[in-house]
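Shown next as structure tokens: one chain only, the form predicted on its own.
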């Protein structure tokens, strides 16, 4: 099978690429580094020739609802248009648990992405996953004031990016199925505890200041909206196991 992976060098995407190749599939990586501009569609027509399945694991670093919608709206439209022209039989999108219930900030773009996939011309599958273990590292790196790390008050159910990548390849090997069961980690944790554990393992301990975010998005982070719902499938690797990998890599 020939599988194209949008965002194939990203946190989840590179696991899709590695897993698909290990299973004997031909893989096309759709990123700027391979000459593809997903936001404009440049290079997609040639890259999708002969492709059976497209897995969209692309992402953007923003908390702006407008920027997120512009990014995911444009790349989804460009992918679906090029896939129709190329005769691609299956489009798979990686989304986020809670994006349908809390379409704010970054999640606004994921909600739009789902809408366009559902209304598009290509048979589809959408996998909603919870935040990756790496999300704590991103928060720790982005919101620091001197020795203090600012952390949103929230609960997360972190899942291993590798397990998400493997699940996306599983779905690529099957027929389109609409909304697949959500995928979440095996435990619900407080984000402040996650960031504190990561910082210690990385050798950069810091004071943690937990802040409640305002509005609907802040409420969704606090009330469990972004954690798994009934019927979700749970991954295996715990956050503590991932943190231990970070610690070993540093030593």
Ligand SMILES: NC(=O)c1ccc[n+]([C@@H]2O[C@H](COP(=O)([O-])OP(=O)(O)OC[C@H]3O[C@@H](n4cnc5c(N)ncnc54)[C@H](OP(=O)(O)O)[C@@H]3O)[C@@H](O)[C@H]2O)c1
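A quick note: this is a predicted structure, and the numbers were derived from the prediction, not measured. Residue numbers count along the first chain shown, from 1.
Same protein, other form: the form predicted together with the ligand, not shown, and the subject of what follows.
Q: Determine which one of 7 to 15, 20 to 28, 239 to 247, 225 to 233 lies within 4.5 Å of the ligand in the model of the complex, judging by heavy atom distances; exactly one does.
A: Stretch 7 to 15 is the one.
Q: Going by heavy atom distances of 4.5 angstroms or less, which of 221, 194, 36, 54 would be at the interface with the ligand in the model of the complex?
A: Of the candidates 221, 194, 36, 54, 36 is the one lying within 4.5 Å of the ligand in the model of the complex.
Q: Tell me, which of 46, 207, 32, 66 has a heavy atom within 4.5 angstroms of the ligand in the model of the complex?
A: By the 4.5 Å heavy-atom cutoff, the listed residue in contact is 32.
Q: Heavy atom to heavy atom, is residue 110 within 4.5 Å of the ligand in the model of the complex?
A: The answer is yes: residue 110 has a heavy atom within 4.5 Å of the ligand.
Q: Given that the ligand is not shown alongside this chain, does residue 95 nevertheless sit within 4.5 Å of it in the model of the complex, heavy atom to heavy atom?
A: Although the ligand is absent here, residue 95 would touch it in the model of the complex, with heavy atoms inside 4.5 Å.
Q: Considering non-hydrogen atoms and a 4.5 Å limit, does the ligand approach residue 71 in the model of the complex?
A: Yes, residue 71 sits close enough to the ligand in the model of the complex that at least one of its heavy atoms falls within 4.5 Å.
Q: Going by a heavy atom distance of 4.5 Å, is residue 184 a contact of the ligand in the model of the complex?
A: Taking the distances in the model of the complex, the answer for residue 184 is no, it never comes within 4.5 Å of the ligand.
Q: Taking heavy atoms and a 4.5 Å limit, what residues of 121 to 140 are near the ligand in the model of the complex?
A: The stretch 121 to 140, when checked against the ligand in the model of the complex, contributes 129, 130, 131, 132, 135, 138 at the 4.5 Å heavy-atom cut-off.
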